[in-house]
Ligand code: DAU
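Shown next as structure tokens: one chain only, the form predicted alone.
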Amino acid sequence: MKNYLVTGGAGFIGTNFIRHALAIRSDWYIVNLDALTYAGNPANLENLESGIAERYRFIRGDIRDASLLDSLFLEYNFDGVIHFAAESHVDRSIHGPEDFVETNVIGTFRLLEACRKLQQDKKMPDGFRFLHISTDEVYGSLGPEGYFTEQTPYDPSSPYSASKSSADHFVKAYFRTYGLPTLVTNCSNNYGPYQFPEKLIPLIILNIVEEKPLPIYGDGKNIRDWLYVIDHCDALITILEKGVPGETYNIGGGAERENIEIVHLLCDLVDDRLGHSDRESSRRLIKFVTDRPGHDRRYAIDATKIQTELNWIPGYSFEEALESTVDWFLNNMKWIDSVRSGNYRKWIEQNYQHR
């Protein structure tokens, strides 16, 4: 049995990763360490199937807590760390940047130090890996041509992307200075089940259902490369098992779309599911709003390296995965209501204490 520490596993991507990894790797035991800030919900992992649930443990705690990290590393002798924990909402970083520095920079530093201590004490298992999950936003904004590669210079535009850039640099420095076996991934925009409702795709789906305005920043022509979260999870497992320490791997979905195009697609998909006629098209709810500060125009990932060196490609088409995502949200309104009402926060406080 291999023991892995997953940080931030109660969030969107972390939840999907744990579910997917436990399902396809029967020899994995996962400890999920999450501070349960606004987007962390341990209920996402409450209904794991028998045979899988026994290989999972949740601990409420902060990655900045060095003594907690030391005790966990001593208890489990982890074979690796998969580091998702991060403040990740750009709009929130604009209004409250300090939390992003604390979690994304200081938190990553504390994790690296815990791993370095393991290395110094000669207790690091063979094949240990520190996998740091980052974002394509560290590269800044692209023009109408070209793609982000692993050699693209960093040029962050928001406090969020600046904090992730700093964390990436720390991870890479610990490989170069201490020989810590680290890996960095930079991925494009994720979508899929369990995504927090303030993100674009779930926000639009739910506003259509409730016939609320569909807010679009600026002219709606900002472009993102979209990556289905399950494809992302597959890529991360591939990199963890086959990636070369010290390397960076870009993960992209190969699905560039303008924001307004995404909204139009969602209107049509949700309208079809709800039986709306053409006359009732939800496109009438679209409302263009003032653009946010520092809004990058275009992101696009060149995923050639992971495709050629590790033989990974996305398994889902954008259209297929978007339909699946719409269906998941429409069929999980109880989860959504709990998240949006804040009731899940009360449930967390009653059932999960800080370790």
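Numbers for residues come from their place in the sequence shown, where the first is 1. Keep in mind that what you see is a predicted model, and the values were worked out from it rather than measured.
A second form of this protein, the form predicted in complex with the ligand, is not displayed here; the remarks below concern that form.
In the predicted complex, the one of E211, E98, E261, E198 near the ligand [non-hydrogen atom within 4.5 angstroms]: Going through each option in turn, the one that passes is E198.
May I ask you to choose, among T238, N189, T152, S166, the residue with a heavy atom within 4.5 Å of the ligand in the predicted complex? Exactly one listed residue reaches within 4.5 Å, namely N189.
Given that the partner is absent here, state which listed stretch (49-57, 312-320, 287-295, 22-30) has heavy atoms within 4.5 Å of the ligand in the predicted complex. Only one stretch qualifies here: 287-295.
At 4.5 Å between heavy atoms, is D136 in contact with the ligand in the predicted complex? The answer is yes: D136 has a heavy atom within 4.5 Å of the ligand.
Taking heavy atoms only, is N222 within 4.5 angstroms of the ligand in the predicted complex? Within the cut-off, so yes.
Report yes if any heavy atom of E75 sits within 4.5 Å of a heavy atom of the ligand in the predicted complex; otherwise report no. E75: no, not in contact with the ligand in the predicted complex.
I'd like to know if Y160 sits close to the ligand in the predicted complex, meaning any non-hydrogen atom pair within 4.5 angstroms. Although the ligand is absent here, Y160 would touch it in the predicted complex, with heavy atoms inside 4.5 Å.
Stretch 194-219: residues contacting the ligand in the predicted complex, 4.5 Å heavy atom cut-off: In sequence order, E198, K199, L200, L203, P215, I216, Y217 come within 4.5 Å of the partner.
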